[in-house]
Structures are given as C-alpha cells and as structure tokens.
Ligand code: ADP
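The chain below stands alone, shown as structure tokens; this is the form predicted on its own.
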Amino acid sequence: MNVLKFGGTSVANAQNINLVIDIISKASQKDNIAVVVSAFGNTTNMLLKTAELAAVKDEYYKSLLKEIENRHIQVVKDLIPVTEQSAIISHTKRLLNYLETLYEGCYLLRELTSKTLATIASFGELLSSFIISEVMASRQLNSVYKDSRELIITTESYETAQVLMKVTQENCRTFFKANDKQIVILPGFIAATEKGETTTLGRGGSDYTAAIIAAAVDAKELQIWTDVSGMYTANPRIVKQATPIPHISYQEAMELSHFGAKVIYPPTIQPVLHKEIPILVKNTFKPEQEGTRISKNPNGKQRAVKGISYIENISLLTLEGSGMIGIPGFSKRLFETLLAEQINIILITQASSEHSICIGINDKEASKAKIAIDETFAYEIASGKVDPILVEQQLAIIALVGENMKNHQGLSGKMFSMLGKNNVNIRAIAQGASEKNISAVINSEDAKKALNALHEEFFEEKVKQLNLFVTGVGNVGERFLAQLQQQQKYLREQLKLNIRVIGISNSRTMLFEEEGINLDKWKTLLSKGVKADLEKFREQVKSLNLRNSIFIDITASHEVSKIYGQYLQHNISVVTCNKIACASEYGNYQHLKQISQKYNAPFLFETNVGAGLPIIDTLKNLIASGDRIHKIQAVLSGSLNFVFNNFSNENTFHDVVLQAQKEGYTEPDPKIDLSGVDVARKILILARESGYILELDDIENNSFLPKETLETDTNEDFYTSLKTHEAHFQQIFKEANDKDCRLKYVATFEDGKAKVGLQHIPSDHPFYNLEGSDNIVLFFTDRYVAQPLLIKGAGAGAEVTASGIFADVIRIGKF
C-alpha cells in the first residue's frame, strides 16, 4: 500500500483536481492507496480571516463566507455530472451552514477561542475531501471516503495538537485491514480528541496526516504531491539556477524543512523515519519528472552540500553581561521563560566566554519575548550584571545543509568568504557538532543575494554571474553592448562568466529587467522605458541588491561622477571611462579608492587614460611589484594625435577637428581635448596611480589655442573661432615643419611635477612615427632606466574605448 498526499495548489480548482484524479487512477492500478488532500488553495487562510473579521463585528466576513461557498459549489458544478449534483451540493451547503453558525457565534460573542478556531479551520479539508471523493465516485473509481478524525486522536491543544500515537496507529491498522476499496480519500490536517472534539495538526499538517497513516500501515512509499518537482538545492523562486535534488537523506530533508524549505512540513519525516519508509516528493503538474526521493541511504554521488535554505522574519535576541560568566543557570532560566510563553527557538548560539547567549525566534514573537525575559532577569538587569535583552529584527537565517559536510574541510570558510565578498554582514553563526548544517543570521534584504551567491559557489559549474547597470548608451555605450552580446557565449564557455545587463539609462529614459535585458532589442525596450533619473536609477540598483553588481558610467557627466561613492559603499563595483572623478580633488579620489577597498567593490577606470590600452593596469602591476616611477612621457590624446597627424598647409585646422569629432575621437565638447584639459586629467591620474599627491591645478598647461577660442561657450562658437584663427594654426604647423619636426601634444611627469603642451618632435624620437589616433606612454622606473617600458596603440575611438570598459568588467569577473 502507498500513501499519496496532495497539497492546496494541487487541488486549487477543477482543472487541477482533474490532474490529481488522473494521478490517483494510475497509482491505484498498481497498488491500494490512501489519498490525503489539503483544502483548496488558500481556503484555510480565508477561513481564518473570516473568523477574525466576525470576532470584531466586521460585516465583511459575510462576503468572504459567500466567496468560500461559491468557490466550492463551482467546483462541484465543474466536476460532477448535472444529474448527480443535487445531493452533493446539498451536503456541501449543510457543511457551510454549520460553518456560518460558528461565524455568527464569533460575531455575537466577540470572541474567538482556540477550540472554535480549530473547528473553523477544519472545514477546508472537510469540504475538499468530500467533494473530491464524490467526483471519484461519479467516475466509478473503486474508492471510499474516511474522516481522519475517526482515526487520528490527539491531545486537547486544538490548534497544534499532539498526536496520541498508540491509539492512532491502532485505529489506522484496524480500518485499513477491514477496508476492501482500492482508494481511500481522507482529509488532511484535522484530527480529534478522545472526546471527539475537532483539533488540527498545525499549518502543513496534511503532510503529517499522510506520514502518520503511512507509518501506521507500513506503507511501501509516502508520496507528497505539490507544485514543484521535489526539494531543490535552493528556493527556485529566488535562485533561478536551482535544481531538484534526486536523492536526500531523512536527516538532510529535516534540516532543509526546518530552515524554510516549504515543500515538506518538518514533522512529516519523523513518523516514517523509524519505519524507513521512503518519501517521494513529486510535481502534480509535471508528474513525469523524477522529483526527490527521501530515504535512509540516498543513492548517487554524495555531494557535501545538499541544499541551501533560509527563514525570513527572524529576530535575534541577545542576553549578555559580565555577570553571566561562570554563573550556572542563566541558560536554563532563559529557555524556561520562552517555554512558558510558548515561543519556539529557531537558532541558538553562545560565546565560549559565556558572556552572551543569542537566540533566533520569529519576528512576531520578539516583543512578547523581550518583555518576558526582561522580567525574568529584572534583578540582574537592575544590578548591572546583565543588560536588558537586545532585540534585532528584520533578519533572516541562511543555512548550508548536507549530511556529508563533516567529511569536507573548509566549507565554513567558503561560505563566509563568499558572503563577505558580497558585503553580506553576518550577525550570528551556529553549527552543530554533527555538522549537518551551518547557519548564519543576516539582514533580510541580503537574503536573495546571499542565496544566489552561495548557490553559485556550491552548486554551479563555477560560472560567475555579473550584473551590469549601464548609464550612457551613446556611441561608446552602444559599441560596448554590441561587444558584450557578441562575446556572451565565449565568456560563458571559456571564462566561466555569465554577464547580464540588468539596467540601462540614457539622458531621457531608463530600463530595468531583473532577469536580464534582451540585447537584441535593448534600443526598442529602452525607448519605452520610464523617465531617466540618476537618483532613482541608483535606488533601483541598490534595492535589487544583486550579487556582483557593476555600475558602468559611459558618460562625461559631472553629476554621474559624483555618485560613485554611493554605489561603492553598497558593494556595487564601478567601471568608468569618465575622467572627472579620478581627476577631481585628491581627497575625493582617495576617498573613492578607500571605500572601494572597505566594501570590497572594485573601482576600475582603465579607459580614463588610454581607451583600450592597458596603461593603468600595467602601472598598478609595476607599483604592486615594488617598482618606482621616476618619469612618464606620453602622448595621451588620441584626438589631438589624430588632428596633428592630419593637419597640414593643404587643409584647415577647423576641418580636421570637425572630422575628428565626427569619427568619435573627441569628447562631445571638442574644446576639452584641444584645450589640453583632457590630457592634463590623464597625466594627473597616472601621477596619482604612481603614488604622488597632485591636483589638477598643479599641472602646467601650455595651451596652443588662442585666448578667444578658449573662452567660447558653445561648439558653434568654438568652430567659428577655429576658422577665424586659421593663420595662427598654420603658423604653428610651419614652425614645426621648417625644423623637420612633427607636432605632438605631450604630457610629462618628472620629479613630482607634471606639464602638458604641444611640442616639436624630431625624427629620432619615439613619438615621431606615432600615427593616426594612437597613444604612447613611456615609463622610466627603477627597473626600466636606460630603456623605458613602452605601451603603444590606438588611444581613441568608440570600439577601443568600449573594449577597455569590457576589459575592466572582465577584471572584476576574475576577482
């Protein structure tokens, strides 16, 4: 004989009940079965809510009662032939009429006792089991209905009754031995006292009903049918990569269910464990899937960690004080106080110094617990031996579970390291000597990020997920997204990186998609997004709280550069090609570097100096290896190099600059490049990365632009001024050409001082043959004295700048 239990979602409506009956019909062809059913989905909640309304004389309870009635009558009409409906509807209404009298009593008396509440809660299962049994009878299945209250006998606790196992097991054996039907339908969750008064087995009690019956009749198998395909490695609603666990031990299943895995009710396992009856958790809506088998000796490869689970709405209560050290009895008094208040303890941890005891309980019981504990220890608190109980709320417990964890070293270290990398603060830790679970108390807002990060670490094929939030999708931004889309398969297969773009913003609209934006359609989707707002964009990134989040700034905006710190302090990495932040006041630059380290959030800006060239990365490696920078000579403006490589007495300076802007070599405001400000920022950044304290004003800037040109306010005025002063630019070219030199805008740093300006470069100089928009940097160091370290290549353009941003993202992926 097998026992099958179907949960509330499995019997939520007529369509689902038809699926259930198909499963029952097939199962009964192989063996006799007992079928335990829950109330129709959400009915129990409605019954209890209606009772609460009636007890406070809220007339709305009548509307809810009518809704409950309509729902059950509709199922009868949907599933029972018209010719057979009358008697079934009549019996259903009799039950509902009795329920109505209970509500009227609550309304008149303005009270709701636990005994009445248990009776009211029982109607969900009584109605569903009766209707389903009648549907099966109408289809000529060999079935019979049995009221569980006649079998399962309990104490008089009513709402959370304790089962009297000896008499219950005898009742079950007697009934099933005499039964000659293939299928027995029973309501779950409900039971009765020895006096015949209705009691309930607690929320999730239908699982327990099925387990009690399975153990009593020595069933071959207990099947729990629900809306998911077994117990998962983590909650699949939160961790999309979670997978069903094919085989798991009783102990592991109990640990997972205790720590929030809602697939199975925790007490369910106990009755069948001693009989070694396997439990099979299956999906009503996908019955062909394997599900999870719970047994004494699970088969298959023994993974150290079987699952990751968590409990929300936790409060951490801490009892501490110097007066506790070496004094026996504090723990006893604490636990007795909680017992007297009927408060369940979920987690316990105690410092080895005996200075404090921490316990985790449900949030809703925290206030009651504090009052009771403070009263118990009133004398010790008054005398200063113990502090008043400290209550921290809005917490969650996250737990690694696995019976085989004790045989693997370093699991705790990996768990805490991964949480630390994601800036998840741990408030308390608990690990039993049996090492079946490692539990940590964290902030509720970090639970999703923690679950996903730990699942990635312990269950996935070492593929690291990066979540990008991009602001600025103009020329460079568009190329960056195109490169990312093109390389996604390579990144996943070769570098084990799963890079998703979660948010995009331009100056007009912004778009978020938590599961990742489709990069084939991002332009269309963004055009339909909401109005762009820097603060709201940041708040959304923060509230999503995704692991390995990266904010990418592909703008030249002062306003965007001001909020890097707010991202970094929430463990959100920053990648930017915007030079403003790193070239701002030294204090701000240093602050950003410090909070990047403090919150373990990389702050990368390779493209600030040489677009896609690895200039800053090379410099960092030199410094990290102990080398010292003495001198830097560089051509750092791809736009200026392009301009002076193409300018001659055969064209105009105006036309060459306009061409450079059209081809994407200059900033949107080309004066930033031509004034030398852009180059000054770059050499400033290199000096700072070399370990020197410099401000932008310290850099000598020998501009070649006329004063009138420098003082223009718009691009239009700027280009007009270039035309006006064409003779000035032709004279600059002539002077260099007469000396057989080429014009290069050079940045120099030496002896702690920096300068930028236009220079005549002779033919024997390394800069002379620098073509197109290429950049070049010479590092003179302790190790590179006679011959400098040289880095040369394309230093401007949308493609290479995008590739530099891409490279910084990859660097973060490798951290």
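Residue numbers run from 1 along the displayed sequence. In this text, all values refer to a predicted model and were calculated from it rather than measured experimentally.
Form predicted together with ligand ADP: not shown, discussed below.
Among residues of the shown chain, Arg94 is not one whose heavy atoms approach ligand ADP to within 4.5 Å in the predicted complex.
At a distance threshold of 4.5 angstroms between non-hydrogen atoms, Ser295 is out of contact with ligand ADP in the predicted complex. Although the partner is absent from this view, Trp225 contacts ligand ADP in the predicted complex, with a non-hydrogen atom inside 4.5 angstroms.
Among residues of the shown chain, Ser803 is not one whose heavy atoms approach ligand ADP to within 4.5 Å in the predicted complex.
Just one of Trp522, Tyr232, Phe537, Phe647 comes within 4.5 Å of ligand ADP in the predicted complex, counting any heavy atom, and that one is Tyr232. The single contact residue among Leu151, Ile311, Val263, Ala687, judged by any heavy atom lying within 4.5 Å of ligand ADP in the predicted complex, is Val263. Per the 4.5 Å heavy atom criterion, ligand ADP in the predicted complex is contacted by stretch 5-13, the sole one of 803-811, 5-13, 20-28, 789-797.
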